[in-house]
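First comes one chain, alone, set out as structure tokens in the form predicted alone.
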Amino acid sequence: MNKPATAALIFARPTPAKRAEKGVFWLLRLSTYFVLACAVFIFLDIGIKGGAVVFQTKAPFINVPFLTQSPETLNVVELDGQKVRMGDHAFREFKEKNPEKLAGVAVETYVYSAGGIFPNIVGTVLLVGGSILIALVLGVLSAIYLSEYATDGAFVRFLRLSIVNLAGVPSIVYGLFGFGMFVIALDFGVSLLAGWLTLAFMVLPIIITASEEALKAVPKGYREGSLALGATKLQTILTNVLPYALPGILTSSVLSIARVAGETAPIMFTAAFVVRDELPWQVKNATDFLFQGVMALPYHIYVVASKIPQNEYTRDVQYGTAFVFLFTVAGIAMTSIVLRARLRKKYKW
């Protein structure tokens, strides 16, 4: 005699809809794992090969010249049956002191394959720091206006829609905009200031949108309590709204830092030099600091990887620069994350 089917058995019975749902679930799961696997492969490749350039097995265990010197041309010569590598400065000194050893010896030269990337690290930090500072000031002010002062209407809705659409504009367009606006029209030249403003304009839509949402998330009771005690609207925003929105605002800044630091197209038109002999602070007048071009890690990777012939020596520079670049971006982003965590502990509701 057959037993009556229970509700559990009926629910567990396979149907075409359940099979289709299970198939979609595995498709989504495998797609996610595939993306993660690709990212892990890329980061491991950079970490292993780049780490071998930056870290050494012998004291001082870190490749100090790579982190503290400027890029140089690599000279490879065969002396006493062995291939010797020398940077351009060292090669010139050796040539002056030992001209007889280089007589008739073929010298192979490889551009940007010796020295280090110190000016690139400094330029990247300056570009990221300055542009984020400008973008945060302008972005938070705009968000405060839209969230606290603007009256909802057709124009304000159009304004918000325009800001959201600007977030999707390709970075190369921002680069061309910065080149036309700041480099040519305002005559800033290829400079740190032009790079700051171009990068700041690029991330402004992200910061404005995220900051406005963070301000709206603060409970209305905080505003109403402050206003009921006689505070003005500006005092209420500064003391009872903005501090509690700061963690959310810093979240957008972390996302913006990652985008600013990784962009090459905007700075190649407005701020980046392939090679610059002097560091940013080595200027005659203080104002010259703002109107000078700088070297930057993403632009250096682009030049070394695509603009010069590839060989075993440039390969090391590419991986080493990418490795340091990832750590630099992670270090700057980590600073924002720590600051955000501290603010969240301080301002809770």
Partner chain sequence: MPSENATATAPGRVPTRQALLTKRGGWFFGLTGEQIAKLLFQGNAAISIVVLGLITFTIFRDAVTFLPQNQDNLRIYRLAGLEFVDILRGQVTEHSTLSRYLLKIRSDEQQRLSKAGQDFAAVNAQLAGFDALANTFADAALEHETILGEMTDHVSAVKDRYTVASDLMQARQNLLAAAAQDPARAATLQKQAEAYEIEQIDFTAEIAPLVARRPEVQAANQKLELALQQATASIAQLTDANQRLALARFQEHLATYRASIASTEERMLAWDQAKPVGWHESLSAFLFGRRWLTASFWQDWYGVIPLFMGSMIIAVLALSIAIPLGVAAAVYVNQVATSSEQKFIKPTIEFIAAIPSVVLGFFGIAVFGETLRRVSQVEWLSWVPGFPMLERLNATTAACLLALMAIPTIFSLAEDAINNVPRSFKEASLALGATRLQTIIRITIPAALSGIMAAILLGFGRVVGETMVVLLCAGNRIEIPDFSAGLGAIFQPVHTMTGIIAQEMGEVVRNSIHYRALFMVGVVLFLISLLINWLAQKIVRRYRISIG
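Because the structure is a prediction, the values reported are computed rather than measured. Residue numbers count along the first chain shown, from 1. The term rigid core refers to the most C-alpha atoms you can superpose between the two forms while keeping them within 1.5 Å.
The protein also exists as the form predicted in complex with its partner chain; that form is not presented, and the subsequent description refers to it.
> Here the chain is shown alone; which of 92, 83, 233, 101 has a heavy atom within 4.5 Å of its partner chain in the model of the complex?
Looking at the other structure, the residue within range turns out to be 233.
> Taking 4.5 Å between heavy atoms as the contact cutoff, choose which of 31, 68, 287, 56 touches its partner chain in the model of the complex.
Looking at the other structure, the residue within range turns out to be 31.
> So, residue 310 and its partner chain: in the model of the complex, are they within 4.5 Å at any heavy atom pair?
Within the cut-off, so yes.
> Going by a heavy atom distance of 4.5 Å, is residue 170 a contact of its partner chain in the model of the complex?
The answer is yes: residue 170 has a heavy atom within 4.5 Å of its partner chain.
> Even though its partner chain is not shown here, does residue 283 get within 4.5 Å of it in the model of the complex, heavy atoms only?
Outside the cut-off, so no.
> Looking at the partner-bound form in the model of the complex, is residue 35 within 4.5 Å of its partner chain by any heavy atom?
Yes, residue 35 sits close enough to its partner chain in the model of the complex that at least one of its heavy atoms falls within 4.5 Å.
> Which is the contacting stretch out of 233-241, 112-120, 125-133, 272-280, given heavy atoms within 4.5 Å of its partner chain in the model of the complex?
That would be 233-241.
> Is it true that 153, 245 and 253, all three, sit within 4.5 Å of its partner chain in the model of the complex, judged by heavy atoms?
So, no: the whole triplet misses its partner chain.
> Pull the contact list for 139-161: residues with a heavy atom within 4.5 Å of its partner chain in the model of the complex, in sequence order.
141, 142, 144, 145, 149, 155, 158, 159, 161, in sequence order.
> With both forms fit on the core, has residue 228 moved 2 Å or more by CA between this form and the one not shown?
Superposed on the core, residue 228 moves its C-alpha 2 Å or more between this form and the one not shown.
> So with the core overlaid, does the Cα of residue 26 end up 2 Å or more away between this form and the one not shown?
Moves: yes, 2 Å or greater.
> Under a superposition restricted to the rigid core, does residue 282 display a Cα displacement of 2 angstroms or more between this form and the one not shown?
After core superposition, the C-alpha of residue 282 moves less than 2 Å between this form and the one not shown.
> Assuming the CA distance changes by 3 angstroms or more, are residue 39 and residue 337 closer together or farther apart in the model of the complex compared with the shown structure?
Closer in the model of the complex, by 3 Å or more.
> Distance change of 3 Å or more between the C-alpha atoms of residue 334 and residue 123 in the model of the complex: closer or farther compared with this structure?
The answer is farther, because the C-alphas of residue 334 and residue 123 separate from each other in the model of the complex by 3 Å or more.
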